[in-house]
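There is one chain below, alone, in structure tokens, taken in the form predicted alone.
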Amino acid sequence: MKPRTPSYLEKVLASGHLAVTAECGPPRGSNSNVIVKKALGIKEYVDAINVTDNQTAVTRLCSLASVVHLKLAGLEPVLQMVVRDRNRIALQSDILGAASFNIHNILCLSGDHQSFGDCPDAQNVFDIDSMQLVSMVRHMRDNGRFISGDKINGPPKMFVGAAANPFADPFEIRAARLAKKVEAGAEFIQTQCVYNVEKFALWLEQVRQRGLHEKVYILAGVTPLKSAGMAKYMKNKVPGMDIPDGIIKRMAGVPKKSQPEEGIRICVETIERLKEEEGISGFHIMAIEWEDRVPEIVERAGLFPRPRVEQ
């Protein structure tokens, strides 16, 4: 097989620069202009843009079509793919579909349970899990074969990512779970959004003790809070989320109209605190339906202008 050309995101990470990625949610309709407009608004401030795959199990324009629209608009997309809705036949087929449009970044996920979404009675699939998806994409890329063993005529050239949640229980196995994802073939990691910086730093220390920071690029996830109510909801209702009481108290301690600005301030402070942590290769900004504030966050955190590497 021909040598694989790294994706632009991979080149930024390999160059040693702190990478910045952001997330865009597709619309609940077929108008692709919605997501293209969002993405173009942050193009100069990020190195790649993730497109979510029916996040919160709510039906939306599919991630595959969305990343194609972004690619055609001159952007660097990251295809998010969940195993909740597809068996291994469909997953491999969609991976080839993405590769046919020169989509070279993929984030492999389990997917939110369908009970959270607009079709709670829908049948999930989970034919394979997210780690097996990581392994499958690497097998298709590196060996040029389907998991059946048949040869692929034109293998995908994906830079393969996975998610990590340093805050889920039990905390003691979080670093070990990351090790399994790295062993499966993950090359970059985007984490759950960080509010409890101290606990995240403890996880990073465990990651460093295993030498995992030298084997995988870790992008710390951040999500700006819009209100104290949002912070309370995420703390109490979103599994695996760790928002310290001090953050909620801080958000509630300012007038309601000022809470969005306070949320942005906390987000920027979090990035600044983590920038110097050994093992952090960049940041993943998840500001779904608040993408217009991403440029401000990137600028205020000292991550702009973005470096330009040779393509």
Partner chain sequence: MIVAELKPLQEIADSVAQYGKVDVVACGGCVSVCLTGGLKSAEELRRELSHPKYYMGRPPLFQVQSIQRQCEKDFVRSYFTPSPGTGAVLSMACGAGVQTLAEAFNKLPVIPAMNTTFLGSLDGPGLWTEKCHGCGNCVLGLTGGICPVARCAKRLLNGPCGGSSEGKCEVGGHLNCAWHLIIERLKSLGRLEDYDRLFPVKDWSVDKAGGPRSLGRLRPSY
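Positions refer to the first chain, counted from 1. Bear in mind that the values here come from a model prediction, so they are computed numbers and not experimental data.
From this point on, the text means the form predicted in complex with the partner chain, which you will not see here.
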> Just one stretch in 94-102, 127-135, 220-228, 68-76 has heavy atoms within 4.5 Å of the partner chain in the predicted complex, so which one is it?
Replying inline: 127-135
> Does His213 reach the partner chain in the predicted complex if we count a contact as any heavy atom within 4.5 Å?
Replying inline: no
> Heavy atom to heavy atom, is Arg174 within 4.5 Å of the partner chain in the predicted complex?
Replying inline: yes
> Contact between Ile147 and the partner chain in the predicted complex at 4.5 Å, heavy atoms?
Replying inline: yes
> Going by a heavy atom distance of 4.5 Å, is Lys180 a contact of the partner chain in the predicted complex?
Replying inline: yes
> Only one of His139, Lys232, His113, Lys157 has a non-hydrogen atom within 4.5 angstroms of the partner chain in the predicted complex; which is it?
Replying inline: His113
> Of the residues Val197, Ala168, Ala122, Ile152, which one places a heavy atom within 4.5 Å of the partner chain in the predicted complex?
Replying inline: Ala168
> Within 4.5 Å of the partner chain in the predicted complex: all of Gly117, Cys193 and Arg293, by heavy atom?
Replying inline: no
> Can you tell me which residues in 234-258 come within 4.5 angstroms of the partner chain in the predicted complex, by heavy atoms?
Replying inline: Pro239, Gly240
